[in-house]
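Listed next as structure tokens: two forms of one protein chain, kept apart as structure 1 and structure 2.
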Structure 1
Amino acid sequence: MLQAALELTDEVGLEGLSMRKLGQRLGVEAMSLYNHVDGKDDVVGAIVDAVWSLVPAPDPSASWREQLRSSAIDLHHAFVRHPWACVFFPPSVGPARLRAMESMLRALHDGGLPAAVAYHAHHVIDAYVIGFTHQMSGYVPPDLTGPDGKELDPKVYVQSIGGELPHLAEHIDLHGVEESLGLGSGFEFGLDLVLDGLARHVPGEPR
């Protein structure tokens, strides 16, 4: 049932998931599913945790930074494959997510970060991974259709509203050549900024 629910949600999203549709996918009456789960929230909690389970445990022999980096990137990739699972507060928190939280906190502890820093760091990394991926997967380009029905050039559209904005115009141009900027993916660039900031709080490290 879990695999069927996961595949169905990949097709229709969380809002489209229902016990009726899941029953049809499995070839059974929806009411029979309640012999196994209490309702849709139980199913959602289970399949979100199934996505978290796709993230392998980090290598404990790696540095604290590499452990956090690899786990964050693996989670980002899992959410890109299953964007509906990229939620801050699912109906329940399952064992896979709890193990991921423990791995992150252990890496921060082993890196020598003070408890107060590790506390905030966990929340910051969690928010960064989920927030960045959610924004990326949910992005919808604005409608730039002009009065004549033709699509406007983005820079022309911006200038028609805000006037001459040269730095924003340059930014728009760079969107089209992002892969050639030599900074890796935007996700990894931002993640490294977070980790660089955390490294400043390791006792004995230069600030």
Structure 2
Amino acid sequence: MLQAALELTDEVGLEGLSMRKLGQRLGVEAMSLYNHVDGKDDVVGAIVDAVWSLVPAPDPSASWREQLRSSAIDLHHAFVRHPWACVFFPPSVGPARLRAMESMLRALHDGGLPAAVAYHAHHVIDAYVIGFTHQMSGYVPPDLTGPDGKELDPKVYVQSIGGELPHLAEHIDLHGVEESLGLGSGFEFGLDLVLDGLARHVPGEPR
């Protein structure tokens, strides 16, 4: 049934998931589900944790930086595949997510970061990975087809809403060609900003 819930949510999203539809998919009335599950929050918590369980534990023999980096990227990919799971507060925090948190804190600690830095680093990285991925996979480009059916210039589109906003119009112009800017993916660019900053907090390895 957990499998059915996950597939259904992949198809219809978290908003579209309902006990009635889930029952229907299982060939059963919605009310029967309450014999196996506490309620909707229970199933949402379970399927979100199932996505967390897809990210492999980091290699403890790698450097702290490589562990954090590859875990963040693996998590990012899992959320790209299941965008509805990219959420700060699922109804409950399951064991898979707890294990991921433990791995990250262990890597920071073993890497020699001061406790205060490790404490904040954990929240900063979580916020960045979930935040950026959520933002990225939820984005839908604005509809640029004008009332006459022709494509609007970003400049006039932006102006129609907010007035004279030249930098914003230029920014929208770069959509779709951002990979050609020579900086790699936006996600990794930001991730490395954070990790580089953390590296400068490792005592004994200044730079």
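Just so we're on the same page, rigid core means the largest C-alpha set that superposes within 1.5 Å between forms. Just so it is clear, the model here is predicted, and its values are computed rather than measured. Numbers given to residues start at 1 and step along the sequence of structure 1.
Each structure shows the same chain on its own, and structure 2 is the form predicted in complex with a further copy of the same chain.
If you fit the rigid core between the two structures, you'll see the Cα of A50 move by less than 2 angstroms. Core-superposed comparison between the two structures: CA of G176 displaced by 2 Å or more. For K155, a C-alpha deviation of 2 angstroms or more is recorded between the two structures after rigid-core alignment.
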